[in-house]
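Next up is one chain by itself, shown in structure tokens, the form predicted alone.
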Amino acid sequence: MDNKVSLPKKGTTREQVLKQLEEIHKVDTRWQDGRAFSLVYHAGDEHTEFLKKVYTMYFHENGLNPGAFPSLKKYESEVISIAANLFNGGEHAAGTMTSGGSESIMMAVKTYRDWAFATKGIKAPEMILAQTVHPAFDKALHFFGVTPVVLKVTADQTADVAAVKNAINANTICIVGSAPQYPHGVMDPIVELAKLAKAHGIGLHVDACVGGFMLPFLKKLGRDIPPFDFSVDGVTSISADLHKYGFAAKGASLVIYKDKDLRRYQFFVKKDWPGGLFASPSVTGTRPAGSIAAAWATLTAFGEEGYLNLYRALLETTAQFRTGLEKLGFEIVGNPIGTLLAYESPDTNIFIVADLMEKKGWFVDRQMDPVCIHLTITPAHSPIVGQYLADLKECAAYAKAHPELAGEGLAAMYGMCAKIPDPTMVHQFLYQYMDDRYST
């Protein structure tokens, strides 16, 4: 990193700092206006103000040691119990809260690695996952020294059960299934994967980080939701984010296991530290208490009725997007089950469309294999469906008339990444991108 910015010799008044923050903040995407289709899950201004009050009530408390703050033990244990019941976990299910989906996934990987070594003596562990599984798994597997066995998906973007069966060997410790996967909102065949896992005596982790707090309510609303949770024999753990479609404050997620015996492999303990006995449930030591309290407050405030009302409206908004996209000639990728959509174009360069949409103020999620645009639909998008579709119609027509734009902007970059035969070149580009990201 360059050294152009140093700590100021004198402090700035808090009033001036706040003014600077407001000015700098103006460059960010206006998610409040429904301009972003990922990253932010906003259930409304009233709920946001409620979350702020709860979070600041626990601003200084630390979730590291619930002995000092027994209220946090109550909140976390009750959040886990509520989620376990939603996921049909029964009386033996056990889990912990984490800072987000990536940490939940890391903890699941660590758990299965240690479980496999302790119970089977596996020293070269492997984990099987479809290419559509969230990259947090690749990151966790890298961190914990587990070999990823990444498999191509079927034509409908779901995990290939036959390929999974063929990939299982003596070093396999776990299979991963998504409910749903993020890129296209498609459910993996959890029942079939669970049968394989049970038959081979290995784990099946269901990544429901994006959909865990959506699917139970969609099912209650009459949607045909394939079994994905602990009601499926063979499912041994589930990750689910509270700060996504649970609409809690960032960062709040959880990982739940079929029983306490499996969860024990997640914990880290040290008995001979001069500072005292030490036990930690997850990666972080200090744990922000505000997110724990806000998760409990959110679940308590919404209740089943509140979530059902919220998802009833979200399904209507999603249907409006889908109908509008199909009328414009776009095709929906796979068979999405909830409020995540991805759309592609049979006759237009979708990356050019994405660039043109960003010029109109939309933050666009571009995807590859297949080339498409991703939408994560939240309550913030209900008022802007018409505007989005109108802008999309205009941008698609312009993109079709100007194919030469494929050589400019992000369209050129994504086009290159989608076609380049040497993946190491893309890796170098991404490393350079990360270096630039931390430059002042």
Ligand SMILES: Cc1ncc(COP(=O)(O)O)c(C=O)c1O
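Just so it is clear, the structure is predicted and the values come from calculations on it, not from any experiment. Each residue number is its position in the shown sequence, starting from 1.
Separately, the form predicted in complex with the ligand exists; it is not shown, and the next lines address it.
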>> To test your reading of this chain, name the stretch in 88-96, 201-209, 276-284, 312-320 whose heavy atoms come within 4.5 Å of the ligand in the predicted complex.
In response: 201-209
>> Give me the residue from Gly100, Pro125, Pro216, Pro336 that has a heavy atom within 4.5 Å of the ligand in the predicted complex.
In response: Gly100
>> Quick check on this chain: which one of Arg366, Lys110, His243, Lys258 has a heavy atom within 4.5 Å of the ligand in the predicted complex?
In response: His243
>> Contact with the ligand in the predicted complex for Tyr182, defined as at least one heavy atom pair within 4.5 Å: yes or no?
In response: yes
> Contact between Arg263 and the ligand in the predicted complex at 4.5 Å, heavy atoms?
Replying inline: no
> Contact between Ile105 and the ligand in the predicted complex at 4.5 Å, heavy atoms?
Replying inline: yes
